[in-house]
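One protein chain, two forms: both are listed below as structure tokens, the first as structure 1 and the second as structure 2.
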Structure 1
Amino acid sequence: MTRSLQQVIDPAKKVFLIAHVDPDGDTIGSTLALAHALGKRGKKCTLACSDPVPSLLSFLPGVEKFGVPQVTDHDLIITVDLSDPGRLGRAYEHVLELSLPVVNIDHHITNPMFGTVNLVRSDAAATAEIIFDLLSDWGIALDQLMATYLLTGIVTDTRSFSTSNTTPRVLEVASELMGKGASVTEINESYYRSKGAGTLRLWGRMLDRMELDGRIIWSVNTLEMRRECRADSDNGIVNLLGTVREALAAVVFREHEGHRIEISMRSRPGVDISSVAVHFGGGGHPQAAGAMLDGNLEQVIPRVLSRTREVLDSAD
């Protein structure tokens, strides 16, 4: 018989919380809110993430607590917003083999239920919405900080209430979080409205090289382009490519050191692009997915475009 969430969390004294690799606003905001609440219940929390927290999220107080510590005398592991164990990252790829209970809190429909207890609700717009309900069940009053953590998860995972996972309910939750002092403007200003001029120069270069191939719009982001524009990241330009009227799918090919190409994909409702990502060992949502492939751009681009074309054809 599976244990209940309460049976696992109540006796725990030292909790090890894991955010997913390539962390976003939902995994970081939800983890911070949950740790804050567990702290109020007298538990010590360790915050872990295989990758550094992006500077875009540095406006959230407490992000400096994330690190890559070892699991030591902890008595519970909680994974937050991890669609699958692959999202644990290298530092934590073996934690599921430890003899510790694992609580898997997530909202991805593809979640394989890898926890001892699985709090997985694909009806939730963000894992933050699940944490909001959990804290409400626990009778924990939200302060401004917790509200900001949770609203960050919601705003970032719904791209500011614009994606198809935006429900009347999540707008109500957001309204309540604003009532506790969280600000959608601040979160948007910090997360979306904060690009370096170098990033926009990189966008200019990427848009110049953009190609429309049938119903696929795509572009590349090479190491050299990033160096020349003095930009670390293209900061979600794939979302912009996903707005092109002529296209059903958008792909960005991002060159990394060590002959690896990261692909980020977006698609219109009705086209499940996550199947392309899964095919290449990645994952995601139907309208937003990604993967990391070995090879160079010349090798990777035709393979990915070909597979994407197949998915578009089968969606007809």
Structure 2
Amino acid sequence: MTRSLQQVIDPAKKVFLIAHVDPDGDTIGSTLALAHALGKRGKKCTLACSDPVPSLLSFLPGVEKFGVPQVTDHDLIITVDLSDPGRLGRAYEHVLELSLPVVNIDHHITNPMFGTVNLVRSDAAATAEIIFDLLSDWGIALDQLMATYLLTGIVTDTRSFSTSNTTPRVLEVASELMGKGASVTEINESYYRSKGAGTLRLWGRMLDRMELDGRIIWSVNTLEMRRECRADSDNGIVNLLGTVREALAAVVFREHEGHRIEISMRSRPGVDISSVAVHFGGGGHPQAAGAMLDGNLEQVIPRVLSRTREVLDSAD
């Protein structure tokens, strides 16, 4: 642990932890593990996220502690797995302006280092890997619960150890977590093999509306589609679109309330799509990135597709 990190964490008594919008297994698992560890160090933790935790992660004990509280008498803010400030969400877009220290813990290569203290390691396969090392530095022994939280983060961010960020080191970490009682089988069963009927209906709508534009495959996820299908999330269909052999990049445009459009992007190995997300104020990894844009679908789609074409052309 760096001295600057120790200087802000040690005196803190009430810690406000923020997971990113549209939460995934890494931000939720890492936040829960960190809160559990901070509790062992005598800290009182508040868990926050602008969006509800998806039902796919309901198997993790403690997810019910997440809500949309406000920062009150807290003396430290920690953001977990946020590639950029836009991932705070509207409920917390103001927190960086508060007169409180902010610890930014993340593994995205595009992270702009927005914290007072930045623990950002792009070599880590998941933020959970960084938390694992942090707990080791603190001398906190892993129990089965903490191991499950961290393994969930690693499994979901590597898509069950199938992505290019799956390193020998993260496999060693995963092995140690399994040795502490975390079950990779149960995590995969709960997260990847347990979809609601509404989600599958939504997938059907999105696949029906997908378009192949040159080397880009894209589709939309509208508010109306989610209401009609009774689905709160598309559960990563962008990964499925990314398997289309004719395309180098996949984009999903997800409509939010308040004229905001979230873009999720995937690309083939060797094609760095992160610069598109950064251009629109977002960030991520070379093959997995995203951003939140103001506007409606008619305004956002042509802008994003145009920029994506430019990036693909320059890669040639």
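Since this is a predicted model, take the numbers as computed values, not measurements. Whichever C-alpha set is largest while still superposing within 1.5 Å between the two forms counts as the rigid core. All residue numbers here follow the sequence of structure 1, with the first residue given the number 1.
Form predicted in complex with a further copy of the same chain - structure 1 or 2: Structure 1.
Large Cα shift (2 Å or above) at residue 229 between structure 1 and structure 2, core-fitted: Yes: residue 229 shifts by at least 2 Å between structure 1 and structure 2.
Threshold 2 Å Cα movement between structure 1 and structure 2 for residue 215, core superposed: The answer is yes; the displacement is at least 2 Å.
Shift of residue 11 between structure 1 and structure 2 at or above 2 Å (CA, core fit): The answer is no; the displacement is under 2 Å.
Per-residue C-alpha deviation between structure 1 and structure 2 [residue 289; rigid core superposition; Å]: Value for residue 289 between structure 1 and structure 2: 2.7 Å of C-alpha shift.
Residue 298: CA movement between structure 1 and structure 2 [superposed on rigid core, Å]: Its C-alpha position differs by 6.7 Å.
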